[in-house]
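Take a look at this single chain in structure tokens; it is the form predicted on its own.
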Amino acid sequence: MADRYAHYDVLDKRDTPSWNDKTRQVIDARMSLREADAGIGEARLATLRRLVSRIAPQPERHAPANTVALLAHKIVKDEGEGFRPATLPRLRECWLRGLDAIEAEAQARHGRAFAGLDAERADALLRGIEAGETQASDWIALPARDFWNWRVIPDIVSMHWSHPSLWSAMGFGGPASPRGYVRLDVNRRDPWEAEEHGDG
């Protein structure tokens, strides 16, 4: 599939009037996060790394996003959105228990770590969690479908697509502060926005 924004890099706008100091500070901090500073333990980090890789692949022609580090940071900070189903604990506890449950599910089904499963087995296991069809007893106190729908998908997708490499891959111009966007009509773009190319 052609990358219509292969030559676009939203970070080229970093030192232009499109971004102010606060925007630069927020994006720089986001990009500086590292997996080594995650603070969730090596086993859980390996599970999280494999989980993210199956759900949110890296862009092909842009720098890789530090999605695992972003999500691990969110888990450690334990800052949710202010609402959750009654079946799930707070964000940090939910994720730690969920990662342990994914690992237990891999052991129950295949007798090996989730991080070591091939793509086919890893994806089949994740489809089972999505459907609520699990074998490990860890899921008794943590409903698999709720964990999938309320934590796994929203958190991974939001962290992944909050990274500038993914903005570049989809041609997104990034934060609108302070310059903003003016040409909002269909098939119109501001001069500092990405130009789409059909041949990648």
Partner chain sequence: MAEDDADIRCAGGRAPDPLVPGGWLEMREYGEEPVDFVIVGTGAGGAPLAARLAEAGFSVVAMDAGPFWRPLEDFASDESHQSKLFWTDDRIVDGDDPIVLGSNNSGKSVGGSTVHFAMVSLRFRPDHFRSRSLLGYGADWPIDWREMWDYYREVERVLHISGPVSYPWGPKRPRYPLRAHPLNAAADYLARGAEALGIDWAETPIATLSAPIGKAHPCVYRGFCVTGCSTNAKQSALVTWIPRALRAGAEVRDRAMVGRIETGPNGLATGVHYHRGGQWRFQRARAVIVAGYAIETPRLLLASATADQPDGLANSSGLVGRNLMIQLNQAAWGQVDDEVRSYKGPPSLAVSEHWNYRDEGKDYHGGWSYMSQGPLPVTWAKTLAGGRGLWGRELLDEMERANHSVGLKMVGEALPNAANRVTLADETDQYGLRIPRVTHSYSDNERAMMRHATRFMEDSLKATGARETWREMGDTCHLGGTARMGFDRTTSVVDADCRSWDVPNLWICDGSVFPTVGGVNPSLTIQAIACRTADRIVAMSRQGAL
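As the structure is a prediction and not an experimental result, all values here were calculated from the model. Residue numbers count along the first chain shown, from 1.
In what follows, reference is made to the form predicted together with the partner chain, a form of this protein that is not presented.
Heavy atom within 4.5 Å of the partner chain in the predicted bound form: which of A65, L48, A169, A144? Selected residue: A169.
Wondering, does I55 line up within 4.5 Å of the partner chain in the predicted bound form on heavy atoms? Yes, I55 is a contact residue.
Contact with the partner chain in the predicted bound form for R30, defined as at least one heavy atom pair within 4.5 Å: yes or no? It does: once the partner chain is placed as it appears in the predicted bound form, R30 has a heavy atom within 4.5 Å of it.
Do A43 and the partner chain share at least one heavy atom pair within 4.5 Å in the predicted bound form? No.
Does R90 reach the partner chain in the predicted bound form, with heavy atoms at most 4.5 Å apart? Yes.
Interface residues of 84-101 toward the partner chain, as seen in the predicted bound form [heavy atoms, 4.5 Å]: Sequence-ordered list: R84, P85, A86, R90.
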